[in-house]
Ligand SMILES: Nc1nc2c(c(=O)[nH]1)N[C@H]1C(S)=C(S)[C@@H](COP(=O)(O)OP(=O)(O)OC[C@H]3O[C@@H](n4cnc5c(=O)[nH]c(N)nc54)[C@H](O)[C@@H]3O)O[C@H]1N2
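In structure tokens, the next block holds one chain alone, the form predicted on its own.
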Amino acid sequence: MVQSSKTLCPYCGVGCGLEVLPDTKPSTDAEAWLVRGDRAHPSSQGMVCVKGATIAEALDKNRLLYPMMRDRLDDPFRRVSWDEALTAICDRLRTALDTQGPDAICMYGSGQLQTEDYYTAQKLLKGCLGTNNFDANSRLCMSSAVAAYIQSFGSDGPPCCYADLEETDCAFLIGTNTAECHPIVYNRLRKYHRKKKGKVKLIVVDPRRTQTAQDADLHLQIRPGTDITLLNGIAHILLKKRWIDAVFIDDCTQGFRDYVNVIQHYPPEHVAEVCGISVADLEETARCWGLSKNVLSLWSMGINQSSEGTAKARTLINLHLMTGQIGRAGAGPFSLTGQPNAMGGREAGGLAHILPGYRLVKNPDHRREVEAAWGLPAGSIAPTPGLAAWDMMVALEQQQVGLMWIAATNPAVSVPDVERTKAALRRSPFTVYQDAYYPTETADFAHVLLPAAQWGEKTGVMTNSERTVTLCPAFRDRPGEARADWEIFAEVGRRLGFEQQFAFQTAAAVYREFVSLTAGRVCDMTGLSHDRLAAEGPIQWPCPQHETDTTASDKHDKRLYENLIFPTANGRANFASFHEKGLAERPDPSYPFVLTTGRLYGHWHTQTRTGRIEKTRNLHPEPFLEMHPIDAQHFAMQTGDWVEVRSRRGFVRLRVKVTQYIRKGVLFVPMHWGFLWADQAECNALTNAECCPSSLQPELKACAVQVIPLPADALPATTTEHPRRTAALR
């Protein structure tokens, strides 16, 4: 009998369960696997999108098989042994420590890493090397949500679960194209919405009429950057109509009076004019929120990727606090995580300002607790946050970095102001790039390439958006000399003299140590282990040690704050009071359009996997620019014509897609194409690195641009002619 393996999809934060089994009749000589949805997984219930269904097709495409090195970026790579590569890395680490100090060392990780990888990296960087300069691409994704949860509730951690999708009366979606970016979550919500037609309201806020918006009962097609005005306007009406929970406000919150002083300045007529919507739609939104028994809000990058990202998320949370919509079924503010283990990274301390177990670098008690657990002297962990993602690029520019280590991500495409980013990466004196695939765009800027084991080749856990932890077992041999990421970090630690701290022999041992650091925390997982997850399947946290004998119903659908006590100093949740500042870069006569960016259903991030899978590649063969018909008419353009789009930082050349599904004056470009996959089509050549002051998350979602029609003799090569792309598909 063919043995199947149950695992987790390694794409988005939905965390869909997959069942993988060998294909006994492969169409080629290569090892092949069949992938289907795991019906027993509580989060996805057997559903799977096209990305998850085709994931195995990329396992053996263009893999990095051996360590490689070069002395200069214009030299070719040469194959080396692991010993030679690790010796070079350790020598460079010692040199940086001796000559520049620990903060000359930076590591940039990824929500693709498993929790064991994340945790081992924190121990190496923050504990043993004494620098908090570990950040991850989650900084570009969910850090505004992290900051908002911490500031409003006293701790990170989404309070809701996916069962709330089927128990709400009013689903309020803002800054999320859930249908394309979190499709299985959306499938659950859409089925429920249709089943309860007329009894459940679906409200979507988005400048684009996405597939999500098309299904809505009410679509608020606001101007980009007016989210806070909209949310304050809803609050104004809720207060005026007395659709609030005064008892909850008095007993469980603080700061409401200051909030009232702000929202009184947002009457409906003013809000409608600023946002570009009707007063009737605004009032209907407030009525739905105020009169519904259970209101669930969902948000993602459209809120987070903003210079006001934390303020936007907290202003959304305010609506839940003023109406008592939290801590019960079908209600609460629910951040949809972007990556498969961004939640696990947050639990393990995988951002520059946090430590394992939802602890903060700035908190001296938290530092002492972690130092003691790691067997390190007091003061080993630095008291100040390290460099965030964009700050690392600036430090590279200023030649303050002695060693840059990048793992499982592709910043040469994904970081904003990408031409400046690439110039900064070129200035790095020594860059280690650890990934499963080659070529990638970031490999062009590396001195050392380390082959990493990926999905299906290493065992570890991941946590999805609803806090469900799933064990992802290895089910195939590692190609070439690939190693698990945590094994690489641990070996470097041992070579630097920290044998005791990195005595792990298995990923299970790493996880066992990690969960011990969650004891008594909001994210308590001391009741979890690899053995238990293997035997019982996915389990949602909190799951403290004393809950090891739970029934099946106790393992899932847990909500935080059901007792309405919050992990703040006084147990109360905090209102926030913000007036809107608007876009960091507003349109003007020279750059009259607002550009927004986002994902497409069939692709993932920078196409490192999906670009190598024929089905997903054919779904979206090339990038494009969405433009409203009135704007296209101004340029006498139609679908298929080529344009150059310019910002103050760079330009792209794209085909136009004329559509009424976008606001006039707003343009949209998908984010997935780097220079490996198309010529002059990197949307982050345009985007702005201005960051939210609280979360340090860049405003990737909006920038000011101009449009220039292109004559036929100025057209770029098509993607099918691109030589780098052709090489990557061999």
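What you see is a predicted model, and the numbers here were worked out from it, not measured in a lab. The first residue of the sequence shown is number 1, and the count goes up from there.
Although not depicted, the form predicted in complex with the named molecule is the subject of the following passage.
Among N318, Q305, T431, Q325, the residue placing a heavy atom within 4.5 Å of the named molecule in the predicted bound form is Q305.
None of C523, C170, V205, A147 but one reaches within 4.5 angstroms of the named molecule in the predicted bound form through a heavy atom, and that residue is V205.
With the partner left out here, the named molecule still marks one of 248 to 256, 175 to 183, 554 to 562, 529 to 537 in the predicted bound form; by a 4.5 Å heavy atom cut-off that stretch is 175 to 183. Among heavy atoms of R495, none comes within 4.5 Å of the named molecule in the predicted bound form.
In the predicted bound form, the named molecule lies within 4.5 Å of some heavy atom of Y437. A residue is said to contact a partner when one of its heavy atoms sits within 4.5 Å of a partner heavy atom; S695 fails this definition for the named molecule in the predicted bound form, lying far away. A residue is said to contact a partner when one of its heavy atoms sits within 4.5 Å of a partner heavy atom; R653 fails this definition for the named molecule in the predicted bound form, lying far away.
Shown without its partner, the chain has N684, T687, L700, K701 in segment 684 to 702 as residues with a non-hydrogen atom within 4.5 angstroms of the named molecule in the predicted bound form.
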